[in-house]
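Okay, here we've got a single chain as structure tokens, the form predicted alone, with questions on binding and movement later.
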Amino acid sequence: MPLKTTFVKFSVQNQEITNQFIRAIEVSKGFKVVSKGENHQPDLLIIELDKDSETHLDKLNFFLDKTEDTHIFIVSEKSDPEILIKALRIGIKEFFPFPLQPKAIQDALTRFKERQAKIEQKKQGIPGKIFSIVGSKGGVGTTTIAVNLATTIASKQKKPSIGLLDMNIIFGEIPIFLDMSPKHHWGDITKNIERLDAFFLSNILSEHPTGIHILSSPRYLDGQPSPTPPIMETLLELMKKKYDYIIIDLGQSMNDTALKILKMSELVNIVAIQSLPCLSNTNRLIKSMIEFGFVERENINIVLNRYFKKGVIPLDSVEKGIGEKVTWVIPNDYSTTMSAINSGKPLHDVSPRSKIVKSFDDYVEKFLPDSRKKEKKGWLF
């Protein structure tokens, strides 16, 4: 998402300090230094603390209380812990002790632009996108696809912003595929729906080292109430405020809750393999989804998993059997896939140069806009 120009103003006595910041600004995109004769309200003030740092910080605190649109970087000869703590408490995001380090300045400007991107995104109300993975029959690999679609998107983002939900009602396998042992699952939400807010959800989700956040299904029959359509709507609307992408493994489920998820999805990936029963199921599933208004035709992608070029049913026959073009072909790579599953690692970690990994990379690159790369929303609490 394109950002407005960030206007920068200096309140610095040391000219060399000003010059160092200007050099960093000149190689950064989207910044403009405000000269003395210009009337632009600055978005970023770079201020050198005077000798009476306590009094100066009190004045800055008063200033920050009166404005929400101007942010401050502080430069100071002193780097006493008490000064740093007070600066943080009043909302100063960046503190630069002497001598200045060019890389530290550059990194701070980058962080500032990322924070501004989040603010602009919030103002624009741009929600995250829900991508559902549905199997046309059991055992076609929806969990493998969901897990590796999420981790592939994460690999394209500097700060991943991805939620991964396991909606296999009983014995979901996402934690096994990622070698995790989550303390919570969606049953903790269904029985506490009245408590659901950003803070509560953040404590339920489990973070994987790739940066994706997992909401698993119960690992055993424990009497947890199943998620209803209203519960899922509440949960997903909340998650759309947090994440750029929400990947949902629906397995083969087609109950009322699954249908609600499909209605909320920007993209429904229907997974098929090269078998006549599966292709027949896929054909009927697509027609049912469209006929009953659960999904628009343009929001459906056909994923052909475990594709074998010399298979009994060639690709053109697959498309004739389904009645739709195949959007994404995932090559059959049993060895790499099983190695990833058994080791609890994403395919990218097991065999980064394999054809199956390339298929995930190519698919993600088609829908991942440049403006979504290297951005992440934050919890608003």
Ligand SMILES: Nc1ncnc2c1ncn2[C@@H]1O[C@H](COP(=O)(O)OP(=O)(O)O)[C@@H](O)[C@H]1O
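A residue's number is simply how far along the shown sequence it sits, counting from 1. A quick note: this is a predicted structure, and the numbers were derived from the prediction, not measured.
The same protein has a further form, the form predicted in complex with the named molecule, not shown here; the description that follows concerns it.
Novice: Choose from 310 to 318, 331 to 339, 41 to 49, 55 to 63 the stretch whose residues reach within 4.5 Å of the named molecule in the predicted bound form, heavy atoms counted.
Specialist: Answer to the contact question: 331 to 339.
Novice: With the named molecule left out of view, which of 139, 209, 225, 91 would have a heavy atom within 4.5 Å of it in the predicted bound form?
Specialist: Looking at the other structure, the residue within range turns out to be 139.
Novice: State the residue from 263, 113, 242, 306 whose non-hydrogen atoms include one within 4.5 Å of the named molecule in the predicted bound form.
Specialist: Exactly one listed residue reaches within 4.5 Å, namely 306.
Novice: Would you classify residue 144 as touching the named molecule in the predicted bound form, given a 4.5 Å non-hydrogen atom cut-off?
Specialist: Yes.
Novice: Using a 4.5 angstroms cut-off on non-hydrogen atoms, would residue 322 count as touching the named molecule in the predicted bound form?
Specialist: Judged by the heavy-atom cut-off of 4.5 Å, residue 322 is well away from the named molecule in the predicted bound form.
Novice: If we define contact as a non-hydrogen atom of the residue within 4.5 angstroms of the partner, is residue 186 a contact of the named molecule in the predicted bound form?
Specialist: Contact check for residue 186: no, nothing within 4.5 Å of the named molecule in the predicted bound form.
Novice: I'd like to check something about residue 173: if you look in the predicted bound form, is any of its heavy atoms closer than or equal to 4.5 Å to a heavy atom of the named molecule?
Specialist: Taking the distances in the predicted bound form, the answer for residue 173 is yes, it comes within 4.5 Å of the named molecule.
Novice: Given a 4.5 Å distance limit between heavy atoms, list every residue of 345 to 365 close to the named molecule in the predicted bound form, or none if there are none.
Specialist: Stretch hits: a single one, 356.
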